[in-house]
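Take a look at this single chain in structure tokens; it is the form predicted on its own.
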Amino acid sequence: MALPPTTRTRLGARHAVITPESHVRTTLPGWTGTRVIVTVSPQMGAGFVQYVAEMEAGGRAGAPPPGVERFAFVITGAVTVEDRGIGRHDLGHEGYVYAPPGAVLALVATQATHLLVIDRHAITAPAGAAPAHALARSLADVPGLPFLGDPAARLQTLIPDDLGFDFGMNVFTFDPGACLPLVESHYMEHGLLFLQGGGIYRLEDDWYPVQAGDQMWMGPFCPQWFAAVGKEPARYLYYKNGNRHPLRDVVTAPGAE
């Protein structure tokens, strides 16, 4: 008799942990040579969509829906990006691109590639702020700065933290034994992918062992805390909304353009 299947995936009231053994692949309109694993979406209460695109060599990304901005991060492989604002860029391992609505002309895998993609409705910048602009960079070129003065916890800011951008993408690196200095609770939500190492994450009143390949959603005001465990640094890439009044920055994005 077969044993019952098991998984570390868990869904709470305001959080989720999605682990690789529970992944289910699908397709999205416009994507060719690609299978997609959607891990975070409005169906669970999130205000954005997070997915991994598994692209064959020559696979091509579909355009985001109207009014949707996109961030894509190369987990493995390489892509070529063409954009109205930045021209053509070749992105390898841990390269990334941000594109405001309507900016992406093409995103093509030049070899077998896994991308982490964030899609969300863009919210217009407030009066007087320059609008968001496209960018393409490599994580290796982004400095890691001590978080709240702790050199064992370093933060890399991938998208400029100014009013033109309505969300941020960061990479957090924790040396073994390092941790967040407080249990956070805030109106911003997170989507997260573990890139390296592992540790223990508190989400609401639950505690989870987490490791490379795991993904998460943290809803608004979900209490959250992390400590790195093991013999290597723990690194994770995460999304957060921000730079907009909370009455506008909601799941349905009233007034989104």
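Each residue number is its position in the shown sequence, starting from 1. It should be emphasised that the depicted structure is a prediction, and the values quoted were computed from it without experimental measurement.
What follows is about the form predicted in complex with a small molecule, which we do not show.
Heavy atoms, 4.5 Å, the small molecule in the model of the complex: which of 176-184, 123-131, 90-98, 103-111 makes the cut? Say which one. Contact-bearing stretch, as computed: 176-184.
Report yes if any heavy atom of Q224 sits within 4.5 Å of a heavy atom of the small molecule in the model of the complex; otherwise report no. It does: once the small molecule is placed as it appears in the model of the complex, Q224 has a heavy atom within 4.5 Å of it.
Given that the partner is absent here, does M55 sit within 4.5 Å of the small molecule in the model of the complex, heavy atoms only? Looking in the model of the complex, residue contacts with the small molecule do not include M55, since no heavy atom lies within 4.5 Å.
I'd like to know whether H190 contacts the small molecule in the model of the complex, with contact meaning heavy atoms within 4.5 angstroms. Although the small molecule is absent here, H190 would touch it in the model of the complex, with heavy atoms inside 4.5 Å.
Does the small molecule get within 4.5 angstroms of any non-hydrogen atom of F73 in the model of the complex? The answer is no: F73 has no heavy atom within 4.5 Å of the small molecule.
So the small molecule isn't shown here. In the model of the complex, which residue out of Y201, F194, Y51, F48 has a non-hydrogen atom within 4.5 Å of it? Partner contact (heavy atom, 4.5 Å) among the options: Y201.
Here the chain is shown alone; which of R14, K240, R244, R10 has a heavy atom within 4.5 Å of the small molecule in the model of the complex? Answer to the contact question: K240.
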